[in-house]
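Only one chain is shown below, in structure tokens, and it's the form predicted alone.
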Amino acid sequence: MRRLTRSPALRVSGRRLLTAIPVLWGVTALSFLVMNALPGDAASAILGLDATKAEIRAFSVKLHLNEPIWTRYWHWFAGVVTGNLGTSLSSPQSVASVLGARLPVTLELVIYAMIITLVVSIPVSILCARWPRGVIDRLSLVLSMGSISIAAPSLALLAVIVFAVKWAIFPAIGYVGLSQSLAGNLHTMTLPSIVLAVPLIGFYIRFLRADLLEQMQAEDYIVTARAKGVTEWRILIRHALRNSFIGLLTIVGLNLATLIGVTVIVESVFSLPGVGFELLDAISNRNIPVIEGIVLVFGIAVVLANLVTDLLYGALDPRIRHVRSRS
């Protein structure tokens, strides 16, 4: 009787998802402990300075904030298992509805920034690798080091001053949804996306340029292609670039967590109604259910991005797929 075997992709996916469960649990538990270790309480932050002690006590009892930390975390975790992320402490909205309204903005910002990053960094890296130590290569080195060195808050404020205030090319704050106007949406999202993309562009150019040069100088398949009379441009783009995409995928997957973290700063500077902006507001109000929901969503996003990266490895390099099929 023929044995039914699962595909290597399914095995990799299953192992990754099983590994992600304790990771996500640890992240949410740690963030819950940190928020509860901070001075002050959510009731005082939400009711404001004018609230009396009796009002604060009644509000705490109503929202179960007077219960021990492990009891509150258990109630939250049990709700997550059943698909209930809880209710915001500062409004009657559920955490799921808050995330549903905010997540598309952050998702669009991250995707737009990544598109800008790849569209700019890949062609520039190819030109640098084709003419190393040339004018383009030296200029890209200076610009890359500058873009990597500048901090995200400084870059965001500088972009607002130059492109929004002085030149008035883009709006300084505000957001137009895709359903309202595509042109208006791109007008409000382009500058924040560029701010997110600039440090990544510098890093990706240096990484991809170095990887392409290493392959063009040391790999046997490059020597074979040259012996067959294949042009340098064809070797660089058709062969070397495809193999460099494997390393680039790794960097993209690892940078996603950093990119999501920077969106918190960028959304606050440009007043974008995304998850990052909501996270800052939730932290200031000690809105723990919203914070936990956002941390959980961010963690799932990073796990899924790494899973997709692993699966794409096999599509780009059959050797990786073959090794996994035997493991």
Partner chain sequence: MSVPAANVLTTASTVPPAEAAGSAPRARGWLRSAEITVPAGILVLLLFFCFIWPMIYPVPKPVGGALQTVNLPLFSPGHIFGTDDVGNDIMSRILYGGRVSFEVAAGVQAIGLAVGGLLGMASAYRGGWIDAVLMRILDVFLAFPSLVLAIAISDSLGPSEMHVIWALSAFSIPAFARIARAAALQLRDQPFVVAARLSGTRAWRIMLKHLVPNMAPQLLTFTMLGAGLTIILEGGLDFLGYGIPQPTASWGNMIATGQQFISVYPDLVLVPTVFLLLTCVCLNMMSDGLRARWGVR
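All figures in this text were calculated on a predicted structure; none of them were measured in a lab. Residue numbers count along the first chain shown, from 1.
Absent from the display: the form predicted together with its partner chain. The rest refers to it.
Asks: Classify Pro123 as contacting or not contacting its partner chain in the model of the complex by the rule of any non-hydrogen atom within 4.5 angstroms, answering yes or no.
Replies: Although its partner chain is absent here, Pro123 would stay clear of it in the model of the complex, with no heavy atoms inside 4.5 Å.
Asks: Decide whether Arg242 counts as a contact residue for its partner chain in the model of the complex under a heavy atom distance cut-off of 4.5 Å.
Replies: Flag for Arg242 set to no.
Asks: Since only the chain is shown here, I'm wondering whether Pro289 would be in contact with its partner chain in the model of the complex (any heavy atom pair within 4.5 Å).
Replies: Close contact is absent here: in the model of the complex, Pro289 is far from its partner chain, nothing within 4.5 Å, heavy atoms only.
Asks: Please run the contact check for Pro153 against its partner chain in the model of the complex: heavy atoms, 4.5 angstroms, yes or no?
Replies: Within the cut-off, so yes.
Asks: I need to confirm a contact call. Of Arg130, Arg72, Arg206, Arg226, which residue comes within 4.5 Å of its partner chain in the model of the complex, counting heavy atoms only?
Replies: None of the other options qualify; the answer is Arg206.
Asks: Should the three residues Met189, Val308 and Leu312 be counted as contacting its partner chain in the model of the complex, with contact defined as a heavy atom within 4.5 Å for each?
Replies: The answer is no: none of the three residues contacts the partner (heavy atom, 4.5 Å cut-off).
Asks: So which of 189-197, 156-164, 112-120, 84-92 is the stretch with heavy atoms within 4.5 Å of its partner chain in the model of the complex?
Replies: It is the stretch 156-164.
Asks: What are the residues of 262-280, in order along the chain, with a heavy atom within 4.5 Å of its partner chain in the model of the complex?
Replies: Counting only heavy atoms within 4.5 Å of its partner chain in the model of the complex, the contacting residues of 262-280 are Val264, Ile265, Ser268, Val269, Leu279, Leu280.
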